[in-house]
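First, one chain by itself: the form predicted on its own, in structure tokens.
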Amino acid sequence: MEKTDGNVSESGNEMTLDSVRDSLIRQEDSIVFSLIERAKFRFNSPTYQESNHYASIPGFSGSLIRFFVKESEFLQAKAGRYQNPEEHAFFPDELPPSSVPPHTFPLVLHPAAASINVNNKIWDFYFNKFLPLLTVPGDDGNYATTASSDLACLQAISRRIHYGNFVAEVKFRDAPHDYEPAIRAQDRDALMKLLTFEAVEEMVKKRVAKKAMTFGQEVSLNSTESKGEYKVDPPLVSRLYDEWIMPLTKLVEVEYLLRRLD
């Protein structure tokens, strides 16, 4: 998926395919660690009940997880989190303005990037498809901590997927002649083909599985041998990338490139 040879620089702010690749690799660490933290708790279904049987929150209707994410994003927006073009809120229409002085981030992306947000798709697959695979069924009562761990997972995954804007920008700058015909024709299939590198995707899936093994193994001072037990299933992390993270990243890349010449 990520072609990593080449070098791009603009207005003194260096952005290269190598630097983009390095950022994606570091984000893998954040995702794996957040999954390990969430896997400590059981599924804890009261956290997700829209009927809100678990707790009645004055002035709010919905699940505890929605309440937790909305309130967290509200506070983080006031602290300036969403001024960063790498960050995307799950409830962007309900955010207050920042209360802190704005930071001047490098103008790397085309303005169209600001309108690309696939967090609704991330929310759907995370809670309805992935989370039941990650967690042990049952209820341990840690609902607020569960919601906090879910938010960490959601934000790490969202940051990784929306980083597709930067991936698309650096690829376009590296070879605009390859992309411009498909962009002008608004040919999604052609763009997707240009953005897909199956050998690289296989490498990414193997790497994140190995990270899950390395970060998630039980450590004992009495033995240097792993018992083959991990805090999060390595093949599941590979599947997360294969079925959801990489396809949605490429979707973001396509959406960005379609508007790149506007």
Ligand SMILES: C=C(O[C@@H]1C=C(C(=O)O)C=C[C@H]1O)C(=O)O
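When you see a residue number, it is the position in the sequence shown, counting from 1. No experiment lies behind these values; they were computed from the predicted model shown.
Note that the form predicted in complex with the ligand isn't included here; everything after this is about it.
Would the ligand, positioned as it is in the predicted complex and superimposed via the C-alphas around its site, fit into this form without 3 or more of its atoms falling within 2.4 Å of the backbone or C-beta atoms? Open or blocked? By the 2.4 Å criterion, blocked.
Is every one of 24, 171 and 246 within 4.5 Å of the ligand in the predicted complex, counting heavy atoms? All of them do, each having a heavy atom within 4.5 Å of the partner.
Using heavy atoms and a 4.5 Å limit, would one call residue 233 a contact residue for the ligand in the predicted complex? No, no contact at 4.5 Å.
Taking heavy atoms only, is residue 67 within 4.5 angstroms of the ligand in the predicted complex? The answer is no: residue 67 has no heavy atom within 4.5 Å of the ligand.
Does the ligand get within 4.5 angstroms of any non-hydrogen atom of residue 157 in the predicted complex? Flag for residue 157 set to no.
Contact with the ligand in the predicted complex for residue 200, defined as at least one heavy atom pair within 4.5 Å: yes or no? Output for residue 200 is yes: heavy atoms within 4.5 Å of the ligand.
Among the candidate residues 209, 39, 31, 195, which is the single one with a non-hydrogen atom no more than 4.5 Å from the ligand in the predicted complex? After the contact test, the surviving option is 195.
Here the chain is shown alone; which of 167, 153, 191, 122 has a heavy atom within 4.5 Å of the ligand in the predicted complex? Only one listed residue qualifies here, and that residue is 167.
Sort through 200-208, 40-48, 57-65, 214-222 and report the only stretch with a non-hydrogen atom within 4.5 Å of the ligand in the predicted complex. It is the stretch 200-208.
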